[in-house]
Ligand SMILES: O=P(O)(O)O[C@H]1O[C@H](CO)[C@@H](O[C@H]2O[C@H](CO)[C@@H](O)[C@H](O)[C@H]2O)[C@H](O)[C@H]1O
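First, one chain by itself in structure tokens, the form predicted on its own.
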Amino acid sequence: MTPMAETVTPSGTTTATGHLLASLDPLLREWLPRQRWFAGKGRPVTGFTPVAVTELLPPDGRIGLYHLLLRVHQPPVLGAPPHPGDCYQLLIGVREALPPRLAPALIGHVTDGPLAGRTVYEALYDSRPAEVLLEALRTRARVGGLRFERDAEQEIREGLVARLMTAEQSNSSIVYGDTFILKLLRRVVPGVNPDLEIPLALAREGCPRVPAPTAWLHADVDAESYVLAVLQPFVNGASDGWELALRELAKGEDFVAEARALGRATAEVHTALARALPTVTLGQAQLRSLVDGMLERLEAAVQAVPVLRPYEQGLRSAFTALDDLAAEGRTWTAQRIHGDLHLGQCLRSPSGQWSLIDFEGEPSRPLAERRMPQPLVRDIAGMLRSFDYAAHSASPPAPEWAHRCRAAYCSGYAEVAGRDPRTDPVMLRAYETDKAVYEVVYEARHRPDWLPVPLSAIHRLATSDPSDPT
């Protein structure tokens, strides 16, 4: 199936495209908020603005396929500044009727416009449209404003069968055979995306801990470039670090050796990133800005989740202790890091090799912030919180398991980096506190049953010695 097509942008919207989007509008308003990766839950969708609409397969055949970049409009969050709306990447399939296997993919039945009488659905559930994407990457296709690119030294075989990964995540992933995995970013912004930038930089450094990108998809729209997808080798038989940790916990097995190996892998990635991309020194002015951000997030969290109020002063001390060290002349080195490191961002191959994946950073943060150099302990703190989450997911909770894993991870990190993260306790406590505050707000909004997990860390961090994060 060869990609066809036309791309339409706001400056060149055709009448047919306007009719197409108008006919999809009521269906997408209902469907989008139900998707795991949709960030605007809790607020109604009030409209759409097309960023780009590309026909990949004409709808006059058995299967049609549209690639959409849509800006979604919603009422603003109370107290937040005006926002133009998030831009989402959608792949809309078109059929006369859906076979039973595609029932979970249903978006709706179109009643008017150019697709009247047809059924539209999430095309990634359907292997044939998904294979169109791989073929376009293999052939380096140009389809309107879409640019499918690949590493000339890596081969992409024809005929690989596609399957959608159904695990909950903030993006969507397709596995091709047992050879490649394509990650499609859902909420996209123009600019250099770290999920492509960092793996490419690590590949140039020869770092084996991060799969090297094989191919990627860009969109050029009105002089702006969007990274939309990244294809990487699939680690067949690999275990997700989160699932592996939970399995070991359920069996009563120790995870110390794996935590230590994961610490070494993290240090190897950090070391390679320091070689590949610039590092900077953080002095008092930079630390003051960093601390101010942490304090602002704490204040907003206390307003949003009042159960934090009794801990507010203790939590503030974690941040002000860092500010005090900076005022005394202490400096820190900052560099590019993972940015959202936790057990679920790590894969263990059947041979025991750990890899780090998903370098997009926290999608809710601005892209410029996600690409800024950061202290290494930000990644360390994220992993320490992940061990805590795993331990509290067990029945009964296993805080000692978390304590042993945290210690082993830091020791393994020190074996490669030459410096144990625990020797910088004030910075580590500040970042772990900042992460726990974020978790409290997230769980209160999305998973109230999980709220006791970060609250147990809040209690520990708010009452501990400012110089001792453990």
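Each residue number is its position in the shown sequence, starting from 1. Worth saying up front: this structure is predicted, and the values here are computed from it rather than measured.
The form predicted in complex with this ligand exists for this protein as well; it is not shown, and the discussion that follows is about that form.
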Can you tell me if Trp354 lies within 4.5 angstroms of this ligand in the model of the complex, counting non-hydrogen atoms only? no
Going by a heavy atom distance of 4.5 Å, is Gly144 a contact of this ligand in the model of the complex? no
Does Ile337 reach this ligand in the model of the complex if we count a contact as any heavy atom within 4.5 Å? no
At the 4.5 Å heavy atom threshold, is Arg422 in contact with this ligand in the model of the complex? no
Partner-contacting position among Arg187, Arg209, His342, Arg95 - heavy atom within 4.5 Å of this ligand in the model of the complex: His342
Go through Tyr389, Trp332, Tyr121, Tyr88 and name the one with a heavy atom inside 4.5 Å of this ligand in the model of the complex. Tyr389
Looking at heavy atoms inside 4.5 Å, which stretch does this ligand contact in the model of the complex, given the options 55-63, 401-409, 27-35, 438-446? 438-446
Can you work out whether this ligand is within 4.5 angstroms of a heavy atom in all three of Trp242, Pro363 and Arg385 in the model of the complex? yes
Using a 4.5 Å heavy atom cutoff, which residues in 169-183 contact this ligand in the model of the complex? It's fine if the answer is none. Ser170
